[in-house]
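Take a look at this one chain, the form predicted alone, written out in structure tokens.
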Amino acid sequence: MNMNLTMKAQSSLKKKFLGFIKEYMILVAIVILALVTAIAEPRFLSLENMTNIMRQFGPLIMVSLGMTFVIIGGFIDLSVTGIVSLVAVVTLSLIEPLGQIPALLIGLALGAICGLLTSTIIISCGALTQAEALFITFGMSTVYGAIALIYTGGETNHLSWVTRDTSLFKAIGQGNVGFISVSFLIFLVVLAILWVFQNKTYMGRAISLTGGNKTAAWLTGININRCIRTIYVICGFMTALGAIVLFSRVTTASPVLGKGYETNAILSVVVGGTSLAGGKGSVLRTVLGVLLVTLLSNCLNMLEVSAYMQVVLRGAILIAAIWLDSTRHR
């Protein structure tokens, strides 16, 4: 009898362990990746590299947090590529005539307006499926990118060309408070606000219900169109914030600056555990997804893996994440 109890206890512990691994697989992957890289390249744990990771983390986490709400709501947004480019070139160009604070505020407002415009087109087209939203937002990304090209004449602008004070953008892109980057502190503040919005407000819960089942949400009295506008405005605003952090770090703004951000954002959100089917997800889990993607890029660069192989690996991870999401959903 004691033997049976022991076997049952062992079986229970095994199930709990496997359940923990399945639930927090991304944490396990992050730890393994960090350990392997630290052993192969000791410079990985240096303070300089940790600061570099925090700065690389900034732009992608902003875009991904916005994308999280879109995917939870049952949609997708490929327009973030065009919004990053458009907001970056417009914001940088306005520093000279208006000053840095007005330029910053206009850039953030522009991102929100782009999100509102995209959502209005989606609603007017009656596009209530992710596939329909995918093609509409891809088209909008092309439009925003084209406007950025027309606005700049296809040229790249440099922050160093601005003669007025740019200390705010320099602080965002390169400043530190102790050993913590300013962009990372901005991320912590934004994360707290979005977590409260998602978990403690009516609209946050309504977005999850809409993504889970739009018909059921409508029958319970939820305004579906308002939810769609909200998620795309949030995504547009967060993408604009990511664009500002990005060009402040690289000190240049070009009409193609946002290239690849839609893929990396979707990868981070899905790897973090947000369901592509909608209705399930968390901004906190998205943070883990972005951390894994950022660490992967940093580790591969330190190990001198070719850029082409890095693209292959990111694609393989995205496919694996979608497969796991589909398995969980079934």
Partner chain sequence: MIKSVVSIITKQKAFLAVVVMFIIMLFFPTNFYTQYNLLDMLNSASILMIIAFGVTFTLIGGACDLSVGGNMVLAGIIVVKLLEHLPIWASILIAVALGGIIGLVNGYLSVYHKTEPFIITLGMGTLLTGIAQQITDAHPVPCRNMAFMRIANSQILNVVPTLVVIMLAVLLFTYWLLRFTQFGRNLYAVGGDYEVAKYSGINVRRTKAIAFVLSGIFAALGGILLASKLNTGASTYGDTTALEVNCGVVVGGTSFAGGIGGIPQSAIGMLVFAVLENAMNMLNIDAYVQMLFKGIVIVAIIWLDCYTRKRKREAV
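Residue numbers count along the first chain shown, from 1. Nothing here was measured: the structure is a model prediction, and the numbers come from that model.
Beyond what is shown, the protein has a form predicted in complex with its partner chain; the following relates to that form.
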So, a 4.5 angstroms cut-off on heavy atom distances: do all three of G99, H158 and M302 pass it with respect to its partner chain in the predicted bound form? no
Candidate from T251, T142, S93, N176 lying within 4.5 Å of its partner chain in the predicted bound form - any heavy atom: T142
Just to be sure I understand the contacts: of I147, V162, L185, I113, which is the one whose heavy atoms reach within 4.5 angstroms of its partner chain in the predicted bound form? I147
Report the stretch among 119-127, 241-249, 165-173, 189-197 that approaches its partner chain in the predicted bound form to within 4.5 Å, counting heavy atoms only. 119-127
I322 near its partner chain in the predicted bound form, any heavy atom under 4.5 Å? yes
Can you work out whether N49 and its partner chain are in contact in the predicted bound form, taking contact to mean some heavy atom pair no more than 4.5 Å apart? no
Touches its partner chain in the predicted bound form: L108 (any heavy atom, 4.5 Å): no
L78 within 4.5 Å of its partner chain in the predicted bound form, heavy atoms: yes
Taking heavy atoms and a 4.5 Å limit, what residues of 278-312 are near its partner chain in the predicted bound form? S306, Y308, M309, V311, V312
